[in-house]
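The form predicted on its own is given below as one chain in structure tokens.
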Amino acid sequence: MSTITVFNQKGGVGKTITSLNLAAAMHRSNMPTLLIDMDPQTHLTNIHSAPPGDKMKSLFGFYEQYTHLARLAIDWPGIGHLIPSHRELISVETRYGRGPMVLKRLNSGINAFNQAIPVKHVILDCSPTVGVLTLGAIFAADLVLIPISSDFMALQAAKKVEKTLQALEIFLKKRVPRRYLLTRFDRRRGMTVNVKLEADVLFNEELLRTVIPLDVALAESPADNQHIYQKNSSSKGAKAYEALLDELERNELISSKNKGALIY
């Protein structure tokens, strides 16, 4: 099992879109996946066609009542499973502090989930805030995936992520594996090209070669409660997330796929 934490200290860079569609690409490759919505804004949860309204049936119940994650998981066709978020999750940031026990809790919960419901990958969709939830997600990560929309403000936010990870590594006593992913990439725009050039210098081999293009289908699919393969499986965005999965596997950043036919 691989745990991928999707994080940037800026909103609107494609964290939720990437979490959703990378999970969908994994599902198509016969790789059972669990999505966990770590963001009190509930963007990922609201894409699901029937999210629960009860806060105790969300990730909040895991922190508030130690509810087993397997009891909170809901099925998501074309994805696998979802642990939904709830706006009350924001109170976790103020109620539990940042001690080692609360930071380790999510990792322990994910391992217990995998014993009850085996999955190939877990994807954590984080808020832009550096708090208990995000720090726990980074602690649990085998890989931190940092989307950067192709503008300079997002690039500046990615630099802050790098500093955050470096500070956390003092506590963890290890380097946190990370990769930077350019999103909303449009080669026709000079700024996009310049951002890529600067990102190449800043992040070097940790910048993924795959880029996620600016794509209408990607932008519209969440409003239709769909991932990109439901919206348009032949779109540029769909092909890009397949390429992203392939690059992560090829470079042994995540567990490799099970052999089998594609699932549609």
Ligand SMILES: Nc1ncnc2c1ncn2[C@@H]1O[C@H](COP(=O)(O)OP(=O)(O)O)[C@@H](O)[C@H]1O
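Since we're looking at a predicted model, the values are computed, not measured. Start at 1 with the first residue shown and count on from there.
Separately, the form predicted together with this ligand exists; it is not shown, and the next lines address it.
For the candidate set L34, L69, M26, L218, a heavy atom within 4.5 Å of this ligand in the model of the complex is found for exactly one residue, namely L218.
In summary, the region of this chain contacting this ligand in the model of the complex, judged by heavy atoms within 4.5 Å and restricted to 227-235, 26-34, 55-63, 209-217, corresponds to 209-217. Not displayed here, this ligand is approached by R184 to within 4.5 Å at the level of heavy atoms in the model of the complex.
Using a 4.5 Å cutoff between non-hydrogen atoms, V13 counts as a contact of this ligand in the model of the complex. Within this chain, L22 is remote from the site of this ligand in the model of the complex, having no heavy atom within 4.5 Å. In the model of the complex, this ligand sits beyond 4.5 Å of every heavy atom of P40.
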